[in-house]
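Below sits a lone chain in structure tokens, taken as the form predicted alone.
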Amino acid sequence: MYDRIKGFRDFYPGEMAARRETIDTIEDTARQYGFREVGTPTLERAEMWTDKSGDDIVEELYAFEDQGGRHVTLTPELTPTVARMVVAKQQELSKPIKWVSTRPFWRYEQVQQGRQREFYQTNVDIFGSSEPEADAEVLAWAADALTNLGLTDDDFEFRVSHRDILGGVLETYEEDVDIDEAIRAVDKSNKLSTAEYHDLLVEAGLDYDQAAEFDDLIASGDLDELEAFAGTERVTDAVSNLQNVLDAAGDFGVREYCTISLETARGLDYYTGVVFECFDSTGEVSRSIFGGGRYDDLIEQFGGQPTPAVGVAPGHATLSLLCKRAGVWPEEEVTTDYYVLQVGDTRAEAARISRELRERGHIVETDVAGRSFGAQLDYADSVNTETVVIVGEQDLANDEVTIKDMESGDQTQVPVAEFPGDLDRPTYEDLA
């Protein structure tokens, strides 16, 4: 017997039905905002990640040499891929470019709750606008997607920050401070003790007094104090931009979900401006549900014309944890509108009824295994059938079929020529 590989999951029909309902809700919300679906490849050149992050990142990738001698990897995230796609057709694409994609990704990392080695995300990105409204629209879509799933403002919050506020404050210290390393330390701060966090800041170039001062400044979230402390145009502009994004979020109806949290940094180096993460407001789901932000330099780094960009990528595993905690995760069950039950040599008439019901958009099953009456009825019950249509030899001899409501057990006979008739969704209640 073969075992499932660690970090990879099987989804049986009930769980997959709940996942499909959730994905459809998220994607339908994206379509309402004008985001267009794209499809992206499973394999990419590993250099798309190693050139930026160094060869050490290969340990986190499912990377290998293919038969053509290319160093390739299963894609660990989407942002570099869509950046590559934008560069390839940059002159042909209407701006702003608004794309959505749902697909799996792969990273070789420690398996834990809400994190697998194969994981699924829905990515939403806007390319070609540096305006605060673009950031606010991404926040608005994320909030609408969550509320359309049944979540409320008591269930989640967006912790919003700005990378240039962090970078600008760090610039006021010694010139040899590694700003990227310090920001990565900020990103890890809520998972570390104060001493461990300060140690990382010191490793990035601050001394311990400066680390403590920087920690206090960031934790306060006081934008005026930070602006006064730094006294630089970079921080002043970043504070203004953050406030403008939050003002736009207010006009878009989602400011109530946003909290300024400068300890939110996002660990990836390509983020450049406003960043945010979604958290469970109750804290029961302790890790970030998902995150996003602005990455204005990535298209140019991939060889394209300078193009501002902002995006977000809800991970389905952590999102399901939040929905389950809040009690809004869809029922993990399959449902069937009609089961057309055959007794005797009635296949032709059963097939005709099944076709006509399917043409009206219903989920319809019928026997394909030569089972008995009782076995068919048990199967219909197991797949949560609403209505059973019994097509038996004796019924047809009387020019009838039997319509059975599975919840109540009530049934009635109707002329076979009149079923399904003119009704879009004929049930026992319509025909009794």
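The first residue of the shown sequence is 1; numbering continues from there. This structure is a prediction, so every number in the text was calculated from the model and none was measured.
In what follows, reference is made to the form predicted together with a further copy of the same chain, a form of this protein that is not presented.
Of the stretches 313-321, 224-232, 78-86, 164-172, only 78-86 has residues with a heavy atom within 4.5 Å of a further copy of the same chain in the model of the complex. Although the partner is absent here, A432 is not a contact residue: none of its heavy atoms lies within 4.5 angstroms of a further copy of the same chain in the model of the complex.
Put simply, G205 is far from a further copy of the same chain in the model of the complex: not one heavy atom of it is within 4.5 Å.
Although the partner is absent from this view, A397 stays clear of a further copy of the same chain in the model of the complex, with no non-hydrogen atom inside 4.5 angstroms. Contact check for R255: no non-hydrogen atom falls within 4.5 Å of a further copy of the same chain in the model of the complex. Out of the listed residues A212, A219, L192, A351, A351 is the one that sits within 4.5 Å of a further copy of the same chain in the model of the complex by at least one heavy atom.
Taking a further copy of the same chain as it sits in the model of the complex, the stretch 315-353 comes within 4.5 angstroms of it through a non-hydrogen atom at V334, T335, T336, R347, A348, A351.
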